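A lone chain, given as structure tokens: the form predicted on its own.
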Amino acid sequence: MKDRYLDFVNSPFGTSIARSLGLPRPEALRRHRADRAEFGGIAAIGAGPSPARFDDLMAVLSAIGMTSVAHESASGWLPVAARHGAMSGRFEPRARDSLASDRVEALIFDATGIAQSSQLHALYAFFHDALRSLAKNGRIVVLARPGATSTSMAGVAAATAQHALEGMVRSLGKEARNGITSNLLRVADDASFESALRFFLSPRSAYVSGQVVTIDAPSADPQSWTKPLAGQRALVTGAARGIGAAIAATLAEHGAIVTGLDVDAARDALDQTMLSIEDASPSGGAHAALVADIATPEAPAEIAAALVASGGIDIVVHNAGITRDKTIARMTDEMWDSVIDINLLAQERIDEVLLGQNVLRDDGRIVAISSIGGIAGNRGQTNYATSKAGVIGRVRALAPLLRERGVTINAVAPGFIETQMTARMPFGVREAGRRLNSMGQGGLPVDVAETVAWLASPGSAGITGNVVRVCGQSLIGA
């Protein structure tokens, strides 16, 4: 459904009206387009004491074609750039009214060396100087260390300062506006963050802000960053329409061979979705439609047999879900049981078979679609919120058990996404969902799909047990 307010206040006439009346004017988000460069421009680099990831960061910026300027806090950046043979210079703050062409596209701060709270001042100094220099739809990324159990007072001090970064990053996302996102990457010493940094610097993460992602294991780069899923086979449940259809199409765009699954009642829509994917992104293998009711006891075995017959599977996306909304006092047994069964128990049953029979190959990916409702709860959705919170709990509990096989499992939690379902909401509820986030607008199905594709990539092997919200940094449950 079109957001008419967003379109109006970003039109020439609407912009002048919004300014004169003091109306909020959400920025039209820049999303990925095949005819536009994904990266470019300048990144301003800042750092706390003893930054540990300058060389890795420089390698990524060089690979994606971004140049850099060093803030005074990043005193060691220019020698690193020179060693890599990369262009760089010194950062000069821009005035609020400076030309758009003078602004930087990203602010990146290496906070890995911050070991006590007094050192957080370097964070303040960088963003105090640099935030006004950031272009519309710009990106803020802070690099940090994973949380650790402290065995000394020095360890307690470091853990305190490192956790403080989360408050800074989330607050920056709420202050920056103008379509700017702000995210924190917690990276282990032996882990690569190129896949995550590419995602969070790109237009593909347009509706992902205020997130903390932990990367705690090594990963291999995909053979191609433009087709990172080439040669991979993916299963997407609930693929006929909406977010599921967008996930299937995006995985195919990234090179995967996709099997889309849905119920018999959605057969026509599923066939049309898979046919359009085949026409848009031929991958050298046949995309397939699979009809099954995941609520039935026999469904997992039927799904496994179909996947084995087509060559096994590398990526499983649990997207299928339903709502049956009523306050709990008015909710029937069937309304409760059906939502828990389809949204949560079906994932458990399917994974038990796919993992138990090795249908999901080693080094595979499981991505489960949760919801911000599972984080914050929703009135009239106790069944739905319970099921989606259960998805998050399952992801976190299962992640360490799957490490031996190199399988990762993560959750994606959408906020308000423009779909046929949200279009049927009452006007007031729909507008509240759109506006109560840092972006001041709803997301699109492709925003969820791009996040799923990133987590499914070989380059994301070090990311497991994470929950990534795709909610424009919702003010509810944030």
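The shown structure was predicted, so the numbers you read here are calculated from the model rather than taken from an experiment. Start at 1 with the first residue shown and count on from there.
Not on display, but discussed next: the form predicted together with a small molecule.
The shortest heavy atom separation between Gln441 and the small molecule in the predicted bound form exceeds 4.5 Å. In the predicted bound form, at least one heavy atom of Ala240 sits within 4.5 Å of the small molecule. Taking the partner from the other structure, the small molecule in the predicted bound form has no heavy atom within 4.5 Å of any heavy atom of Leu29. Contact annotation: Gly244 falls within 4.5 Å of the small molecule in the predicted bound form, judged by heavy atom distances. Interface residue among Ile140, Val367, Ala320, Val208, judged by heavy atoms within 4.5 Å of the small molecule in the predicted bound form: Ala320. With the partner removed from view, the residue among Leu398, Ala292, Leu123, Val353 that has a non-hydrogen atom within 4.5 Å of the small molecule in the predicted bound form turns out to be Ala292. Exactly one of the stretches 148-156, 71-79, 211-219, 232-240 approaches the small molecule in the predicted bound form with heavy atoms within 4.5 Å, and it is 232-240.
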